[in-house]
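In structure tokens, one chain follows: the form predicted alone.
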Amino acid sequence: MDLRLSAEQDQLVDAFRSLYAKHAPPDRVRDAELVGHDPELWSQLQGLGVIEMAIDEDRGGWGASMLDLALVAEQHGRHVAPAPLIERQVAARALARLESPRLDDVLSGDRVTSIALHPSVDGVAPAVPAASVADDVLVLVGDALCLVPVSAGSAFENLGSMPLADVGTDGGEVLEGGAVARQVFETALDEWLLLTAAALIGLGARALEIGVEYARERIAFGVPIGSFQALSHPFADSAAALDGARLLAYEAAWAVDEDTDRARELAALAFAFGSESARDASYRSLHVHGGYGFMLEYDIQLYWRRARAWPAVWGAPPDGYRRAADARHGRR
């Protein structure tokens, strides 16, 4: 297993880094906070083919590897970009596995489809990511995977300013049932966990940079506060943790394509450890700002809030570790 990036992957990272730097600076992120979605940013992402790249060539896509998608997600997280990239890619890949003709609408840009991360309960899929800006949502209803139209509505407020909404499942179109439906859903969840882990690692890395930059500039007792061990040692711990989380996420991405027996376990571990690492890095960076860190004018609060909110759409780090244990040892 060689996880070094190829020349093409370096170019991919550079292309998305440039796009996000231009179209998702902090002021644009703030402007999109009310709905959690920037249509202009999404238009730019579509122009780069973010959905096509996620689909195999035999289904009309470009056949990017899961590591390619993880690299893009990492840049997405670095800029806390207000566009539901991951949910739309995962939903499109699920439609491709189902060989659904609805995929053509998604690839053409005529439909925006998201995916519910939890099965419906009493006719409602709770807190569906991107639901308030989607046309329809893939939902596991009992033993059936359904495509459910989203009625008009607005996002409910949440810590991460995400376009979340509860979705009623009445009127859904059954795409698949039984064991196949469950398998497609679980595979889609694995991919969401993995790509979210990559985004959180990018988020945590940028949050750490913000904290280090501030610690170099802030002077106390005649020296930069970053020279004090009480700050420099926790920063070093976060840097090491994020490096380890990145390696784990890349290994999980490799396993999706090359070692499917371990993909579920590694994706869940990447999510759990990536969530913890991003949470700790953003907290330490916010804490070093003192009271300034809680002010809306400072960028670090954008990262601190999302480090907690993004993973919470599915669950907490312990849920990821339990999923990994179930994948290794069987369900309890």
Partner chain sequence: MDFRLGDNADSLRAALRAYLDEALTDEVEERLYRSGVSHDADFIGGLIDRGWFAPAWSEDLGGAGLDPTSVMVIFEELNRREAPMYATSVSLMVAKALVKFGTDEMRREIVPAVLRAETICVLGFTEPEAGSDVANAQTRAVRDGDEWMINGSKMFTTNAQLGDYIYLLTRSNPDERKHRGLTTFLVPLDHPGIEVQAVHTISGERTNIVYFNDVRVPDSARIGDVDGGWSVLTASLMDEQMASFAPWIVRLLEEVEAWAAETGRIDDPGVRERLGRVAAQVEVALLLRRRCTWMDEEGITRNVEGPMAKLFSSESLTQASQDMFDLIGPDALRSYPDPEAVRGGRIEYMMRFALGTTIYAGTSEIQRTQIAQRGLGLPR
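Positions refer to the first chain, counted from 1. On a predicted model such as this, the values are computed, not experimentally measured, just so you know.
Below, we turn to the form predicted in complex with its partner chain, even though it does not appear here.
Contact annotation for residue 119: none of its heavy atoms lies within 4.5 Å of its partner chain in the model of the complex. Using a 4.5 Å cutoff between non-hydrogen atoms, residue 283 does not count as a contact of its partner chain in the model of the complex. Put simply, residue 7 is far from its partner chain in the model of the complex: not one heavy atom of it is within 4.5 Å.
At the 4.5 Å threshold, heavy atoms of residue 273 reach its partner chain in the model of the complex.
Contact check at 4.5 Å (heavy atoms) against its partner chain in the model of the complex: none of 13, 130 and 149 pass. Proximity to its partner chain in the model of the complex, defined as a heavy atom within 4.5 Å, singles out one entry of 266, 307, 54, 70, which is 266.
Only one segment in the set 161-169, 99-107, 183-191, 244-252 has any non-hydrogen atom within 4.5 angstroms of its partner chain in the model of the complex, and it is 244-252.
Along 202-234, a non-hydrogen atom within 4.5 Å of its partner chain in the model of the complex is carried by 208, 212, 215, 216, 224, 226, 227, 229, 232, 233, in order along the sequence.
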